[in-house]
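The form predicted alone is given below as one chain in structure tokens.
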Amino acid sequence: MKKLLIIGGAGFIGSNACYFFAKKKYKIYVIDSLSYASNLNNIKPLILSKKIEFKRVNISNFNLLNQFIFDFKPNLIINFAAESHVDNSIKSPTIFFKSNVSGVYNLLLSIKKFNDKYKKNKIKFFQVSTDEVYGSLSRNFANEDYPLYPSSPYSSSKAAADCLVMGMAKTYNIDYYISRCTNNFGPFQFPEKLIPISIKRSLNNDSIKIYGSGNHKRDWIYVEDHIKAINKIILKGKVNEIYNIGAQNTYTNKFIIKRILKILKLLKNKKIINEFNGKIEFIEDRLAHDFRYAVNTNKIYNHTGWKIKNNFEKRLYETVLWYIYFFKKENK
């Protein structure tokens, strides 16, 4: 049985990945630093049922990370660990480069050392990146060869990590994959990003805040579809390649908020919730706020056959319901 190491497995996308890969034929170990946006309770059922094992490890600590990798001897490492909130990166950029750049460097250095020692059992590395490395596009779609033009400390740290992976992998003969995905939504996301924070504020009888005009555009993909794409790349993708992942659900932030409020109104009519605040407050725009992200996904389709059904409305409804029950449980 192959060994899979999931890094950042108590975070949003990582938690969902744990549930997905736990159904596959892997022996799985999960490590996470358990920062503010992580929650060990997300994956506790998997730990208790012994479908995965967990250890608290910060990838910024090279010695601890290296010792763990040499002890576990994984065949594949998927790195979901990242500081990802753009607002926080603007306020405190240092922690983003420590985690997103130095942490990735430590991973690559440890893999290099491991592969030098165990030449017949080399580790493959999967770096989970973001479409934000391409910057704002006024029109068209960025393919994998599109220039990197990051606009924030967050996106620049992810672009730097991508370059580290490509450069060190070429020098030290490390097999890698890089995926660049659009905006994720779904269960387990810490309530600071647009969808969960908007649901939380509305349920708490606060107005929902939107930067600027609210016309900034993002492509939204349900988190499980993202994980399925990663799995397809592992199974059928080519090593040492970059793959864009997107759902072609490009909507303005204002549209997303209005859809959430429509769902909340429906749930109130069904008496699933009692009250919600339907007010939207437009606030001063964020510094260097990218207007539009959009990626071309022809490559992943051509190489792996991956595609998704357009299920945005259904998945958004399910996501709103999930957070309603999550916040109720949190407030007990």
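The shown structure was predicted, so the numbers you read here are calculated from the model rather than taken from an experiment. Note that residue numbering begins at 1 and tracks the sequence as displayed.
Missing here is the form predicted in complex with a small molecule; even so, the following discussion is about that form.
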Handout entry: the small molecule contact in the predicted bound form: residue 296, any heavy atom under 4.5 Å
Key = no
Exercise for the section: Decide whether residue 134 counts as a contact residue for the small molecule in the predicted bound form under a heavy atom distance cut-off of 4.5 Å. Expected result: no
Practice task
Mark residue 66 yes when one of its heavy atoms lies within 4.5 Å of a heavy atom of the small molecule in the predicted bound form, and no otherwise.
Solution key: no
Exercise for the section: Verify the contact flag for residue 288: yes if a non-hydrogen atom of it lies within 4.5 Å of a non-hydrogen atom of the small molecule in the predicted bound form, no if not. Expected result: no
Practice task
May I ask whether 37, 57 and 154 each come within 4.5 Å of the small molecule in the predicted bound form, counting any non-hydrogen atom?
Solution key: yes
Exercise for the section: Report the residue, out of 89, 244, 189, 198, that has at least one non-hydrogen atom within 4.5 angstroms of the small molecule in the predicted bound form. Expected result: 189
Fill in the blank from the handout: The one option of 257, 111, 165, 82 with any heavy atom within 4.5 Å of the small molecule in the predicted bound form is 82
Handout entry: Partner-proximal stretch of 305 to 313, 319 to 327, 6 to 14, 20 to 28 relative to the small molecule in the predicted bound form, 4.5 angstroms, heavy atom
Key = 6 to 14
